[in-house]
Ligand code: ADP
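Here's a solo chain for you in structure tokens, the form predicted on its own.
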Amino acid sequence: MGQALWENVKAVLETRVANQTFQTWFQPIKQLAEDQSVLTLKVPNQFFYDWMKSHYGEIILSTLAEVSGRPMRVEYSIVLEDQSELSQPEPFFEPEEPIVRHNGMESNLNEQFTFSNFVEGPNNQFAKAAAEAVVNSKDNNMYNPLVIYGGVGLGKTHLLHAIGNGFHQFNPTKKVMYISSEKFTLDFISAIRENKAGLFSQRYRKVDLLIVDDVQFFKKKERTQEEFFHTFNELHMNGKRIILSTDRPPGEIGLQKRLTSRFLAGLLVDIHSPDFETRVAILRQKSEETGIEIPYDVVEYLATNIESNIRELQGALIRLLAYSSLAKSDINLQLAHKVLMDLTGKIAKPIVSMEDIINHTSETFGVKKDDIYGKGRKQEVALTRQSAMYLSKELTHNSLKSIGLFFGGRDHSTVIHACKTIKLKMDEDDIFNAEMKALLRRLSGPILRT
């Protein structure tokens, strides 16, 4: 069976992604079949697909169109290693699945992305509230356009799909379309080449809600910007809703001034990197969705070491599950450490728990662990307890309230007082200062708990 088309696509992809990414995610894919409109590829397993779909689906489609010179679909199948190559492959998934049709029109929405499974945290509360307000409002001029901006992998695309799905739920007769800026550009180029620019314009200007992802990619594409400007104007003038996302504020993208001014006339909301608690919540939700129980210390370990990018966080979890499945290994800290090393090439930060801190302070100061948790007010017990609280604040992600509750149900003001007391004693007592710094070094050293 010929492999020419996919091999040519891979050759282009190899120049566009990091070498480790190419070797891990593109090299294992094999071509099964090819016709004028569909390329069928073989993937190793479902975990592999989950990652490919969320990260590289669009770049495969766009590169395929570029190499083949025509729009093509990609279909994927699983063929188990012990099956004959001549056996019928098991159908696995569709490339754009699930496609939702609204009034006979493809919306390109993924029904799996909703407000209910969007993990809310301080980093995205305002953006989510604005998105829900758009869906619930009957005033089409409210927050129009809504522009959501933020770095890569922070959940913008999830929120865009959630808006589209929510809008359709409340307005089932309305037409909704989600599209990436790259796909919009490719469609426009194809329309010009095939003398169908009029049909292209009609397609995008007859919707009730247009959602465009990553509009920063319109930069330097002057004709595409002009087409989108006229599409935007007609939709806005007719009271239709427009939702956009970008990786930075519209004024910093470098688009045509008239287009930028349209974006700035709406509501701009940003999404930041998630805090530790939000990262843990995201991982626990994804764990529940897979139906596989992930030990909390592993969740905490991943959340500690991947701080800025939700997509990387989810990717690490998918890779962890894949490693566990393929190697028939338990999911534990050692496996998580290996996954992170392979993924980032960096030494991961150790996990420090409050139990670790209790154990070390108990040993260092010669105070029983039960006494540290307890109500005793003896000077040596109180100082050890305060030292443990101070170390918990310095070395863990726990809130003051959580630390207080852990140490015998005390409130956050007790923890604040403990931290102040320890800092003052460290400044005044050189011996105590050396003991505390030694504890800090031991607890924060590159040690994986077993």
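As the structure is a prediction and not an experimental result, all values here were calculated from the model. Start at 1 and count along the sequence shown; that's the residue number.
Only in words, not in the display: the form predicted in complex with this ligand, which the text now covers.
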item	value
Position in contact with this ligand when the complex is considered in the predicted complex, options Phe113, Phe217, Tyr76, Tyr204, heavy atoms within 4.5 Å	Phe113
Listed residue (Phe118, Phe167, Tyr143, Phe228) with a non-hydrogen atom within 4.5 angstroms of this ligand in the predicted complex	Phe118
Stretch in contact, per heavy atom within 4.5 angstroms of this ligand in the predicted complex, of 220-228, 299-307, 251-259, 146-154	146-154
Thr361 within 4.5 Å of this ligand in the predicted complex, heavy atoms	no
Close approach of Ile294 to this ligand in the predicted complex, 4.5 Å, heavy atom	no
Close approach of Ile282 to this ligand in the predicted complex, 4.5 Å, heavy atom	yes
Any non-hydrogen atom of His236 within 4.5 angstroms of this ligand in the predicted complex	no
Those residues of 200-229 which, in the predicted complex, come within 4.5 Å of this ligand by heavy atom	none
